[in-house]
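Starting off, we have a lone chain in the form predicted on its own, written out as structure tokens.
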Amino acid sequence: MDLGLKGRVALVTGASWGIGREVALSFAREGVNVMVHYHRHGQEAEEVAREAAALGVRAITHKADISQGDQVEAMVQKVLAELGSLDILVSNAGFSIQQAFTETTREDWDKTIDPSLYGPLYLCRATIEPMMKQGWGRIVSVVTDAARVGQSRMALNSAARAAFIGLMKSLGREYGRYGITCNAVALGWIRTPATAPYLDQWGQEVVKFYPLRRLGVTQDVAPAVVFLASEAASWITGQVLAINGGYSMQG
């Protein structure tokens, strides 16, 4: 299937490893030029960009703390200047802790909410106007399924990501008239470098809650993100697609 993405430009946050890495490379396979955003893992980001470029697209990297609005704005301006447009935003970067809510501090709240809610707010604010001007845009947010159903010891991340789902729905209503769609993918446990320590210890217990009896891998997520960014999904907006092995089955 031709997804109609060749020549488009995507900004993928948190793209130096894990889910973001797979999403960026999946876009490159579809002929999409990509900006590989990172905060700390610069060497890994450069490797992703090299792999993307080897697929025949333009790929650049940029370091930014997405919880800082000025850094987000500078990143978006770099995309526009060096890649010519900004068609697709995949908001994947964030931060989470696993801790009993009563043990969390205000510092923990800020550490989680700043990148996981304010970061996406800054990103959407900076990207929507260029998308409006060109009459086409796709915003896909990557959230935890705990944002929909809750999860013990993840109250902060659940709250931040639930707010982000609300943002996607609101923006989808407000800017659909400009050809912009806004959707989210809500994930169960996906094995990545960040989740590996927890899953190595608890994975055999966690998987019992999944009807498909396996945990996710990054290749389970990226095709759905690419689809939601494509012409094939042009009549889908304000939706939350659960990619979770059947963990939560909601109508």
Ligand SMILES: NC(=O)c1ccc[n+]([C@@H]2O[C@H](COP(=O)([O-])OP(=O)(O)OC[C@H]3O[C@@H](n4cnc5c(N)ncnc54)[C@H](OP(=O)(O)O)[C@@H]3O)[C@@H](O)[C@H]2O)c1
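For clarity, every value in this text was computed on a predicted model and none was experimentally measured. Numbering starts at 1 and follows the sequence shown.
The form predicted together with the named molecule exists for this protein as well; it is not shown, and the discussion that follows is about that form.
Asker: Checking a candidate spot here: are Trp17, His39 and Arg161 all in contact with the named molecule in the predicted bound form (at least one heavy atom each within 4.5 Å)?
Answerer: Yes, the whole candidate spot contacts the named molecule.
Asker: Within 4.5 Å of the named molecule in the predicted bound form, heavy atoms considered, which of Ala64, Ala49, Val57, Val226?
Answerer: By the 4.5 Å heavy-atom cutoff, the listed residue in contact is Ala64.
Asker: Taking heavy atoms and a 4.5 Å cut-off, does Val143 contact the named molecule in the predicted bound form?
Answerer: Looking in the predicted bound form, residue contacts with the named molecule include Val143, since a heavy atom lies within 4.5 Å.
Asker: Indicate whether the named molecule has at least one heavy atom within 4.5 Å of a heavy atom of Ala194 in the predicted bound form.
Answerer: Ala194: contacts the named molecule in the predicted bound form.
Asker: Do Ala93 and the named molecule share at least one heavy atom pair within 4.5 Å in the predicted bound form?
Answerer: Because a heavy atom of Ala93 falls inside 4.5 Å of the named molecule in the predicted bound form, the answer is yes.
Asker: Can you check whether Pro115 is within 4.5 Å of the named molecule in the predicted bound form, heavy atom basis?
Answerer: Output for Pro115 is yes: heavy atoms within 4.5 Å of the named molecule.
Asker: Only one of 23 to 31, 200 to 208, 49 to 57, 64 to 72 gets a heavy atom within 4.5 Å of the named molecule in the predicted bound form; which is it?
Answerer: That would be stretch 64 to 72.
Asker: Who in 155 to 188 is close to the named molecule in the predicted bound form, meaning a heavy atom within 4.5 Å?
Answerer: Read in sequence order, the residues that approach the named molecule (within 4.5 Å, in the predicted bound form) are Asn157, Arg161, Leu187, Gly188.
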